[in-house]
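Read the single chain below, which is given as structure tokens and is the form predicted alone.
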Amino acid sequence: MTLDPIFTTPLARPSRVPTAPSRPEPAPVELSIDGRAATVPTGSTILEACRAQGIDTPTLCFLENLTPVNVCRICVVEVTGSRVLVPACSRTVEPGMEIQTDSDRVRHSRKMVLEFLGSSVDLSLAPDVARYMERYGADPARYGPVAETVAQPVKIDNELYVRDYSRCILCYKCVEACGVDAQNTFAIAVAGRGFDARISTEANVPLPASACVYCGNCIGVCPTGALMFRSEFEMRRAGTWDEAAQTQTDTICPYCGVGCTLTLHVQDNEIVTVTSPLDQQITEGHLCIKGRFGFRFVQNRAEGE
């Protein structure tokens, strides 16, 4: 006996999920940067437009995986018709915009910002600042002794990382990473005002007594070394830290199935720090406590190995 095909072939049913109507792509924005015509996608920031043109615009508080907060003001540019210099990291491009990234006004502003920062905090571990200082002829020494404004002892209250706020420029990156941009722990915030402004736990309690979950994402975004692996801090204090002798190897975190990419920084055949690439879709540079600090079991070799 053969069955009628109508009873053996499943019926194709129309989808009950409505399809959103297609929208036309917005027209690109045409503008001028340093006298040269440029075309960039709608919604781009001035910083993105400048980088697309190969213009090296200095930044300190900006990072691709965080929300711009416009606090360091080192990326400011001059826009025709604007009364004040505008932050390139957050200002969206507009049709017909005329932007100057290296005018006398821009260079003077960047120089002053660098001098103010360099005269109040220790920027010796900020890798790009020395290059910016040279580019703009900044001389923080003419404002007085270095780090005089916020000099304070290093906070060492846990085994994983240390806090040296004499290096902190209040860029808010650690606050953003601890908040809605990554961890949603909200263990730290900016307390105080003016010269008393500082990064602090709630009620200034020690880190182990705070809401910190030791993900270390604050370390990963800090641009000045104010937050540092305990391992790096101890090696620097002992004079054994040598980045030139370190190698970097990407691998996958072994602790769970998420698949976070780890970059292992190795010196003398030992892992000294762990980071994560910004361009990885899974992590975008962020990790948990296991991925960031769980490398120590690798070092626990049997004696003689």
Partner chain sequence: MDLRAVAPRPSPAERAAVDTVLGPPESGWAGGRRDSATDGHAARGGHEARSRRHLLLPALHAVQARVGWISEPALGYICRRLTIPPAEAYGVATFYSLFSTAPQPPAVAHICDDIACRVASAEAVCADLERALGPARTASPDGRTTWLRSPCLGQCDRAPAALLTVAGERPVSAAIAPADAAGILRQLEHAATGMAPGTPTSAPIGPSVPQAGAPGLRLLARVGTVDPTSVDAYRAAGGYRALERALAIGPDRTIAEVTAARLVGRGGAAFPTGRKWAAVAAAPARPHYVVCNADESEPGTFKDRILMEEDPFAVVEAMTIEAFATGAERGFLYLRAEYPLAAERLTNALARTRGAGLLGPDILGSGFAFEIELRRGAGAYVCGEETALFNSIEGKRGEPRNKPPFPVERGLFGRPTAINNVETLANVLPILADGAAAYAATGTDGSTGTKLFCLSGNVARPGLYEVPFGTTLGELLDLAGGVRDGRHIQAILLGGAAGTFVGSDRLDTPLTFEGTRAIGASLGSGVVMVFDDATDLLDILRRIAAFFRDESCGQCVPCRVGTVRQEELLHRLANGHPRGTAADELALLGEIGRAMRDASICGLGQTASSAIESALRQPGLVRL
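The model shown is predicted, which means the values in this text are computed figures rather than measured ones. Residue numbers count along the first chain shown, from 1.
There is another form of this protein, the form predicted in complex with its partner chain, and it is not shown here; the text below is about that form.
Taking the partner from the other structure, its partner chain in the predicted complex has no heavy atom within 4.5 Å of any heavy atom of Tyr165.
Residue contact check for Glu202: one or more of its heavy atoms lie within 4.5 Å of its partner chain in the predicted complex. Interface membership of Ser90, defined by any non-hydrogen atom within 4.5 Å of its partner chain in the predicted complex, is confirmed. Remark: Leu125 does not count among the residues lining its partner chain in the predicted complex, judged by a heavy atom distance of 4.5 Å or less. Just one of Leu117, Ala226, Cys218, Ile99 comes within 4.5 Å of its partner chain in the predicted complex, counting any heavy atom, and that one is Leu117. Though its partner chain is absent from this view, in the predicted complex it lies within 4.5 Å of a heavy atom of just one residue from Val129, Ala138, Val79, Ala187, which is Ala187.
Just one listed stretch, out of 63 to 71, 31 to 39, 259 to 267, 240 to 248, contacts its partner chain in the predicted complex at the 4.5 Å heavy atom level, and that stretch is 63 to 71.
Residues of 92 to 114 placing a heavy atom within 4.5 Å of its partner chain in the predicted complex, in sequence order: Asp104, Arg105, His108, Ser109, Lys111, Met112, Val113.
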